[in-house]
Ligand SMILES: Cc1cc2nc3c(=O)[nH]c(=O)nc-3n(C[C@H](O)[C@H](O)[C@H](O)COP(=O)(O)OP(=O)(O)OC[C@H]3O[C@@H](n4cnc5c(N)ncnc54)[C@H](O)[C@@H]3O)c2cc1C
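Okay, so here's just one chain, in structure tokens, the form predicted alone.
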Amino acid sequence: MKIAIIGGGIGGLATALAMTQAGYAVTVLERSNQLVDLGAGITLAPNATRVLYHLGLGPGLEETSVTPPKTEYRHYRTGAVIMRMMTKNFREIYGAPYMRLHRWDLQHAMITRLAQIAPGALRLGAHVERLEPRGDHVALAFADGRTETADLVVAADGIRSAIRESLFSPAPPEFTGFVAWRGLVDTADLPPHLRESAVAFGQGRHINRYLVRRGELLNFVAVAQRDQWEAEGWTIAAPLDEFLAEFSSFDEGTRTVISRPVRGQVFKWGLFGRPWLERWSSGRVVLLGDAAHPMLPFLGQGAANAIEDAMILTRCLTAETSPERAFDLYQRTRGARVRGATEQAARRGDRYLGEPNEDSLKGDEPGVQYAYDAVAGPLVG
């Protein structure tokens, strides 16, 4: 069976690794001519790292990841600690560790692993413009005029998925009322007491900061309310002075951290919600990750759910007699869990409104979602 995976991000690469490991022939079609370091952090809970270990990536990622001893939630203006969460022994509790990583360290490890087990599977500069389902195969039309076929197609082309738009015509995205900024800080430029994980929040704004890459860098993501915003996409450069003015009421330590991004670079984007998609497949084309179920970042489970999708979809293909039956099993297995996470993420932004208090943070402790086992758990949820 010839499988085409559209998108060379985390979801697409996880799918390629899982399917190759299961014995399938895959090709990853990435429209960019080069995969580059976008300068961002990522948090992966045990439900995601369990899959990464199964795919042979765990030990290497441990060398560059950071697991902080605690995370503190603080008053945005005074810096006073509102709640302190000590990091538990997640490996002992859930059978897999909790990791905070530089996003490129994860993506590079996945690319390297794929090159080892499926040389040539990743094709850069392969921009798929159109799909045409044709019975027992799918025709792919590329931007350069080429065409080819595949037995099935996995669309992992992200939150603004062109495949989802063309095949399912969903309702347009709606602005959520939040705008986000992100950046990285070299910890060598910070005093020791600021090289830590913390969340400062209040009055509709919050800044989450955490260490990545062996503690050499500190990643921050800041969010604020807005009445209107149009641009979406997390590589939009933003003026540093505008960003600092937005968070000028925050405590001195937080202001120090965000004032020192690497090369002065800060990126800004609008957060948009999308309606739930009832079907993720059409014929022999199936959606995965953000293409299937876009998720706001407040839960920290977007990438984790894409990784889970990759493992479950692979297992469904192995368990069923046809791609169509496998896609149906995949959605039945994933639907309730992913919808619950998507709705929970949408609600999470409200906890940062108004005056900071411990009551608004209730329910933030890790729950049963960390115990989810995409590698060996049941296939029908």
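So that there is no doubt, residue numbering starts at 1 and follows the sequence shown. Here the structure is a predicted model, which is why all the values come from computation and not from measurement.
Keep in mind that the form predicted in complex with this ligand is not shown, yet the notes after this line are about it.
Partner contacts here mean any heavy atom within 4.5 Å of this ligand in the predicted bound form, and among 334 to 342, 35 to 43, 348 to 356, 55 to 63 they occur only in 35 to 43. Taking the partner from the other structure, this ligand in the predicted bound form has a heavy atom within 4.5 Å of a heavy atom of residue 31.
Remark: residue 286 does not count among the residues lining this ligand in the predicted bound form, judged by a heavy atom distance of 4.5 Å or less. Proximity of residue 304 to this ligand in the predicted bound form falls within the 4.5 Å heavy atom cutoff.
Shown alone here, residue 19 lies farther than 4.5 Å from this ligand in the predicted bound form, counting heavy atoms only. Of the residues 108, 127, 88, 226, just one reaches this ligand in the predicted bound form with a heavy atom at 4.5 Å or closer; this is 127. Distance criterion of 4.5 Å from any heavy atom to this ligand in the predicted bound form singles out 210 from the list 210, 243, 168, 267.
Contacts with this ligand in the predicted bound form, taken as any heavy atom within 4.5 Å, map within 9 to 24 to 9, 10, 11, 12.
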